[in-house]
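Quick heads-up: it's one chain on its own, the form predicted alone, in structure tokens.
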Amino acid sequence: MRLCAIAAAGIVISIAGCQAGKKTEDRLAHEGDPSKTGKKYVIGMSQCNRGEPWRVQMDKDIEEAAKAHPDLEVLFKDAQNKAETQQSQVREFVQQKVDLIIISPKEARPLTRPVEEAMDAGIPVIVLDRKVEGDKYTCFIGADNVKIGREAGKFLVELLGGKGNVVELKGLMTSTPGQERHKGFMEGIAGSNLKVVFDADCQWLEPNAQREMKSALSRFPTIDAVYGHNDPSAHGAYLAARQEGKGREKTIKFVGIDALPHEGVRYVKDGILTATFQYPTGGQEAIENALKILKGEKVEKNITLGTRRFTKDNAETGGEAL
């Protein structure tokens, strides 16, 4: 109670990130378990963009998970792929004094400071999917992008007999998933005779991937595989090959990441993609851990989600856990 009184008096105390976390725990413990007090807790969710089907699904997963808890209200914001907009959104949530923030950052560096400001204000922050710099946040939830990229590389090495020309259509390379999926892929093909003959930053967007693949097709008569950092990129590459009119969409192996049931997995079932690797949205896990935090419970600092590989042989049975 003495700490609360000091805070109320407006005395400014300089604290590190771990102390900010302690401040959050103290506030939540004082307020009590929302399920018992009847208080409605407000969560601010800042999505970097809703132009990708996977991100639309993430918001839906968060919304569905929150519906099961009448003591939770989630305010959704779409940054429309602009880091400056997302910075403002986080700061707006802080001004609104929401009880917790979930953020899926567009880029690591620009969103690091706003997240730190939220923590300094005593508002816990769950960083979802893409990381920020440092460790001044409450919890990070995401899959192991290096592992997924590595598994994609190993899969293509085996599929192509250890040699061939590959096109890599990257995600936004100022984001951690793009960097990590590239790093893992290069580890996966290391020691083989697979060669990346063309690569481009497609910013996760299918039209960009389609345009870049057209350029690759015009330059290279032999392309054995495409590694897309997400399924829209792999699908865009397939469309470009089909539109070329030379039948190369039938010989090139297209591999993507995300494995949404209505997108990547369906493409595999339809014979468009050779494989897709699951990247869970983490929406349900975000709400589960938000509830624990709001109740004053401790959560793991970093929560790693699993992945599965879907091919035509196993897509109907739920893929293969890796």
Ligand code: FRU
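A residue's number is simply how far along the shown sequence it sits, counting from 1. Quick caveat: nothing in here was measured; it's all calculated off a predicted structure.
What comes next is about the form predicted in complex with the ligand, which does not appear here.
Asker: Which of 159-167, 240-248, 126-134, 188-196 has heavy atoms within 4.5 Å of the ligand in the predicted bound form?
Answerer: Looking at the partner contacts, the answer comes out as 126-134.
Asker: May I ask whether 155, 235 and 276 all come within 4.5 angstroms of the ligand in the predicted bound form, judged by heavy atoms?
Answerer: No.
Asker: How about residue 52: is it within 4.5 Å of the ligand in the predicted bound form, going by heavy atoms?
Answerer: Answer yes; at least one heavy atom of residue 52 falls within 4.5 Å of the ligand in the predicted bound form.
Asker: Answer with yes or no whether residue 93 is in contact with the ligand in the predicted bound form, where contact means some heavy atom within 4.5 Å.
Answerer: Residue 93 lies outside the contact set for the ligand.
Asker: Heavy atom to heavy atom, is residue 149 within 4.5 Å of the ligand in the predicted bound form?
Answerer: Contact check for residue 149: no, nothing within 4.5 Å of the ligand in the predicted bound form.
Asker: Any chance residue 177 has a heavy atom within 4.5 Å of the ligand in the predicted bound form?
Answerer: Taking the distances in the predicted bound form, the answer for residue 177 is yes, it comes within 4.5 Å of the ligand.
Asker: Check each residue of 215-243 against the ligand in the predicted bound form and list those with a heavy atom within 4.5 Å, in sequence order.
Answerer: If the 4.5 Å heavy-atom criterion is applied to the ligand in the predicted bound form, 215-243 yields only 230.
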